[in-house]
Every structure is written in structure tokens, then in C-alpha cells.
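Encoded as C-alpha cells, the following chain is the form predicted alone, with no partner shown.
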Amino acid sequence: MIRTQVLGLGSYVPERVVKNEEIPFLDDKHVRGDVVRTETDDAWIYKRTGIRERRYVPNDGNTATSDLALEASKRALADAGVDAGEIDCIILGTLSPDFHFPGTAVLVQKKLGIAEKTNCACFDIRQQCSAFVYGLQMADAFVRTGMYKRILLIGAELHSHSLDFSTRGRDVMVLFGDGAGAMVLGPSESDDPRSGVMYTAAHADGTGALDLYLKIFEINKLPYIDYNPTDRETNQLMYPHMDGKRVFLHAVRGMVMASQAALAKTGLSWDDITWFVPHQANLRINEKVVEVAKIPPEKVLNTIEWYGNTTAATVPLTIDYWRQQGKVKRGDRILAAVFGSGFTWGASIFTL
């Protein structure tokens, strides 16, 4: 039987570390000044989010989401021992594409130097924080049906350029960081039903679509950009908006239900799972998920303290971080649960 195997894993974060203490002094280009622009501090941020620091790209206009994706992809390919020219499909999840169209996956293909060599299929998926599980489900289906043999699955985000660095925007602004994670996936013959990618499930509830969103523009309007970016009264449309309480409650519910369903449908228990990797949106959400779902705390992996929320990148980035620390190893079985705007959510079980 053909099963999908994780062949390689890689991640990348920018060099700049932005600690909580620096946040109050950042301007709209995330340059540190001498004047407090945002009423917050380390204690306020950490109490609500569990975040101590995050990574930002330079603000010189020379780094795009595709660049972060490229670096993570190179590391995943090297880890897999796979040449970029062998990739026959790219699936990229992001809420911060390089531009509106074309999709960012084709830009990664070009930067990998394989655009004219392979003409491989390129998919962009817009499931935000749930993109990794959605993409893994797609990749697993493609591999099992024999459609593709070497799939590059990427989650990449550049948030720092689109945040409201002010007291008005702090509830969202303090959460996000820049980063990318990638996996190389391919087929393997195995009669073991627990090998490779064992389970994936993806869900959505569109009634929560406007509880967490970033419009920037609305295509039904003419002109579809109808605000003045320099006018504080009208420029709120430039920035993400969130109903924090509703997102918190639905995130806990979604990840708990998805995790429990994953175990029930596979016949596994937490004794069979090496690591639980939740989406890194807010440490307080993850702590509540662990409590409600009765997940052994020693099996939980988090990185939000150092990286913040990197949306589509959080799951592969977290796994790779702890692998680099020597904690996660080949052969470990992972249950990943995600929740994102939309609302979207899901879970997967796979062996690294």
C-alpha cells in the first residue's frame, strides 16, 4: 500500500529578535524610537499571550514572504536529500502573499530555479493558521493516488509589515512574527497502517469569518481601496481585526474536538502519540486545550514564547525547532491540531 512519508523538514526565521520590551517604542515601520507609541509592556503581553519575543524581517523593502519560504524549502530539501528539480508539486499556505496575484508558490518555484525545468504544479491555499493541516491533507491525497511523488509543503508568513503599531492595534500586533516552515513529502510502500501520514481532517465554519479578518480591500467596492492610509480615522481597514474572546473560545473548542476525533478515528491513545503540536496562536489557548482534552503536558511542544504566531508556519516551525534541540527525533509520532480565521480547523497524525 502506498503511504505518504515525511522525507524532510526545514524552517527559517529572520535574524532580528524583537522582545516585548521593544514593542512600545516601534513606529509603523517597526523602527525603534525614543517615544512610547503603544501602551503595553512585557508583563501585559506575556500574561495574555505567553510570548516573550518574535522575529521580524528587515524593513528595507527587500524581503518577501517567498524569500522566507525559499530558505525553509532549501533546508527541507537538504534534509530529505532531494534535489529541487525532483519536486513535482508545491503547496504553499500563507495569509501574507507577496502580492494579490499570481500566487506565491510560483514565485518560490522560480526562486528555487526549477520553473522552466519542471513546470511543476503550484498551489496557494488561504486557510491562514490552519493551512498546514489543509495542505498536508492535499499532499497526502496527491501522493496516495500517485499523482505526485515529491511534494514541497510550505507555510510562510511575513506579518511585521502589516501590523498596527499603536495602542489601537496592540491586541493583534503583539501576537505575530515572521517565519517559515517546510516539508518534503513522498510515497512509501508499507503495510503498516500507522506509518507515515496516518490521519488528516479539515473543517470550517464560515459564520466566524468576520471574527478575525484583514480586508485591505473589498472587491465589491469601487474603488476597492477607499481609505487614506495616513488618516487614523479611516486607515483601520489596513490592519487585522479580531474578536479575541470569540476566537479564543472557538480555537479551544476546535482544537480539542479535532484532537479527540483524531484519536477516536484512528484507535490511538495519548500513549501512542510522542508529541502534541498545537497551532501557536496564543499560549493561553494551548494551555486550555491541553487541560480540556486531558493531554499529557510532557508531550506538548510550543515555540510561541520565542516566535509568536507565524500562522501557516507554526506547526513545521515548532517541530523543526525542537528537532534541532534534540527533543524530536525521526520515528516520533505527532498529533498536530490547528485553528484559524474563517473559522477553519483540523488535525493530523503523522510519523516524522
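A quick note: this is a predicted structure, and the numbers were derived from the prediction, not measured. Heads up: residue numbers just count along the shown sequence, starting at 1.
Missing here is the form predicted together with a small molecule; even so, the following discussion is about that form.
For this session: Could you tell me which of 105 to 113, 187 to 195, 275 to 283, 223 to 231 sits within 4.5 Å of the small molecule in the predicted complex, going by non-hydrogen atoms?
Result: Careful reading of the contacts points to 275 to 283.
Exercise. Considering E291, E39, E305, D27, which brings a non-hydrogen atom within 4.5 Å of the small molecule in the predicted complex?
Worked result: For this set of options, the contacting one is E39.
Exercise. What is the one choice in H161, R170, R75, H203 with a heavy atom within 4.5 Å of the small molecule in the predicted complex?
Worked result: Flagged contact: R170.
Exercise. So in the predicted complex, does any heavy atom of M242 sit within 4.5 Å of the small molecule?
Worked result: Contact with the small molecule, yes.
Exercise. Quick one: is V256 in contact with the small molecule in the predicted complex, heavy atoms, 4.5 Å cut-off?
Worked result: Looking in the predicted complex, residue contacts with the small molecule do not include V256, since no heavy atom lies within 4.5 Å.
Exercise. Even though the small molecule is not shown here, does A139 get within 4.5 Å of it in the predicted complex, heavy atoms only?
Worked result: A139: no, not in contact with the small molecule in the predicted complex.
Problem set entry | 4.5 Å heavy atom contact, R55 to the small molecule in the predicted complex | Taking the distances in the predicted complex, the answer for R55 is no, it never comes within 4.5 Å of the small molecule.
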